[in-house]
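Presented as structure tokens, the chain that follows is alone, the form predicted on its own.
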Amino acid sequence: MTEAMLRGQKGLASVKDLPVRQDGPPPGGFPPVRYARRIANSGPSGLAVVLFSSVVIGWGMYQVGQGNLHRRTLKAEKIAARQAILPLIQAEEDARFVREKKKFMEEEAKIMANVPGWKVGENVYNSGRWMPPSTGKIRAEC
């Protein structure tokens, strides 16, 4: 709408001549502004979290215990198997030791043939006790 149509005349004499149109609140007023801190109650309660955590931890500890029992069983089986074949392994090692000692004594007799008073195979330490070589070899290789 034009001004001339509103006032019925041309031109504007004063701003005060315009019809007043002012914005205001709706009838009954605006709804109240919520300014208080209200946090929505979402998620499980503290008690539920603690109970759930306890159940999960308890189940995990049970699984650890079951794994320990299984590992202990496997270890006992491994030890029993090793103990069962130990006499065979020891017999093989003893036979190998005898062969090596015989070879070593023949070589020692050949090398020390010109030394007077040398006794082949005699212990030079004279401790009175026989000790097997700790390395599993008769002599150290050079």
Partner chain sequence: MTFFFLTLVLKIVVLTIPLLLGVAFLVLAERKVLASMQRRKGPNVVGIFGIFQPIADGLKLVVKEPVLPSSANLVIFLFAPVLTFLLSQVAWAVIPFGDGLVLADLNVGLLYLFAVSSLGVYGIITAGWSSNSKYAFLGSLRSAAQMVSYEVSIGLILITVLLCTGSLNLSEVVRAQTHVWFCVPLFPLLVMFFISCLAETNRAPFDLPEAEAELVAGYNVEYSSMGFALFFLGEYANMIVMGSLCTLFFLGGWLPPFDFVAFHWIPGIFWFGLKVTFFLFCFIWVRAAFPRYRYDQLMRLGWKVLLPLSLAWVVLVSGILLSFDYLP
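Since this is a predicted model, take the numbers as computed values, not measurements. Residue numbers count along the first chain shown, from 1.
The next section is about a form of this same protein that is not shown, the form predicted in complex with its partner chain.
Trainee: Residue 90 versus its partner chain, in the predicted bound form: is there a non-hydrogen atom within 4.5 Å?
Mentor: Heavy-atom contact with its partner chain at 4.5 Å: absent for residue 90.
Trainee: Would residue 44 show up as a contact with its partner chain in the predicted bound form if we use heavy atoms at 4.5 Å?
Mentor: Close contact is absent here: in the predicted bound form, residue 44 is far from its partner chain, nothing within 4.5 Å, heavy atoms only.
Trainee: Using heavy atoms and a 4.5 Å limit, would one call residue 68 a contact residue for its partner chain in the predicted bound form?
Mentor: Because a heavy atom of residue 68 falls inside 4.5 Å of its partner chain in the predicted bound form, the answer is yes.
Trainee: With the partner left out here, check for me: in the predicted bound form, does some heavy atom of residue 52 sit within 4.5 Å of its partner chain?
Mentor: Judged by the heavy-atom cut-off of 4.5 Å, residue 52 is well away from its partner chain in the predicted bound form.
Trainee: Just one of 113, 86, 61, 95 has a heavy atom within 4.5 Å of its partner chain in the predicted bound form. Which one?
Mentor: Contact check passes for 61.
Trainee: What is the one choice in 80, 56, 105, 48 with a heavy atom within 4.5 Å of its partner chain in the predicted bound form?
Mentor: None of the others qualify; the residue that does is 56.
Trainee: 97-105, 31-39, 69-77, 113-121: which one contacts its partner chain in the predicted bound form at 4.5 Å, heavy atom to heavy atom?
Mentor: Stretch 69-77 is the one.
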